[in-house]
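Only one chain is shown below, in structure tokens, and it's the form predicted on its own.
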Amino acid sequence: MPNRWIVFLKVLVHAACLAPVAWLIWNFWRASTVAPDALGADPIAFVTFFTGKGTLRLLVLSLAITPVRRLVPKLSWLIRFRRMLGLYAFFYACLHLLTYVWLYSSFSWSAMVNDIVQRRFITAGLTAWLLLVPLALTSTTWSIRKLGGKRWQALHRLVYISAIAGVVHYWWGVKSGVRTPLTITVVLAILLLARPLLSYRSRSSQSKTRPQSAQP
């Protein structure tokens, strides 16, 4: 794909990733001024779930790029969007964490420590965020050169553990009987299964195309 189309698509991706934040800020302003119900009956809960679901969706989209480009080689240019989507997922994760630290805990360290110890969904969510931190910090080309390709790839496999912890956080955070996390759980499960299956298929195709040694 020509570079000018890549640039155009990146602009669209930036706009698509930032539009929900702009919408949220706009409605937060409306809720505090002219329309108290702009964010529903419980604005804090709305913002919490909004940013949390945004994090998981972007994380899953970034994880989907590798299997898609393996299945459809013509879409190999999608790899140029993986880092962008991953960083936006981290951005939404930080907004999600800020919502908890600011609006729920009022920056009280004692309250946060008690929550981490006593509420398992908080522990799972914090684990997911902490695992994303080193990935965001090493998302640059310089980091890849410094760490080396293999070590960098090994480190960035933590994204799968982070995504799993995020889904667990989602399940534990909703009321018993609520099934809203089911869709993202199924999609993530498919992506996790696709990785070893596609690797096996790639090894099999390589072994079939490898020249056979001469027989005596």
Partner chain sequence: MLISKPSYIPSSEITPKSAYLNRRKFMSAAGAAGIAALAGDRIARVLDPKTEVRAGTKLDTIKSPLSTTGEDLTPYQYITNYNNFYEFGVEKGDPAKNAGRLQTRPWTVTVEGLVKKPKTFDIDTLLKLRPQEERVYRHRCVEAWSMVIPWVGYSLSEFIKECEPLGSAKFVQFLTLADRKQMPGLSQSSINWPYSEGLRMDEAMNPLTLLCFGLYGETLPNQDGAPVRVVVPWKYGFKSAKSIVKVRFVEKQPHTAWNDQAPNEYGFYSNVNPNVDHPRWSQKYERRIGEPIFKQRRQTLMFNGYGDQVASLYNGMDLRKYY
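Residue numbers count along the first chain shown, from 1. These numbers come from a predicted model, not from an experiment.
The discussion below concerns the form predicted together with its partner chain, not included here.
In the predicted bound form, no heavy atom of Thr141 sits within 4.5 Å of its partner chain. The closest non-hydrogen atom of Gly40 lies within 4.5 Å of its partner chain in the predicted bound form. In the predicted bound form, Leu58 approaches its partner chain with a heavy atom inside 4.5 Å. When its partner chain is considered in the predicted bound form, Ala16 lines it closely, a heavy atom lying within 4.5 Å. Checking 144 to 152, 157 to 165, 177 to 185, 66 to 74 against its partner chain in the predicted bound form, the stretch whose residues place heavy atoms within 4.5 Å of it is 177 to 185. Taken together, the three residues Phe28, Ser32 and Lys53 all come within 4.5 Å of its partner chain in the predicted bound form, as judged by their closest heavy atom.
Residues of 77 to 113 lying near its partner chain in the predicted bound form, listed in sequence order, are Tyr92, Trp102, Leu103, Tyr104, Ser105, Ser106, the criterion being any heavy atom within 4.5 Å.
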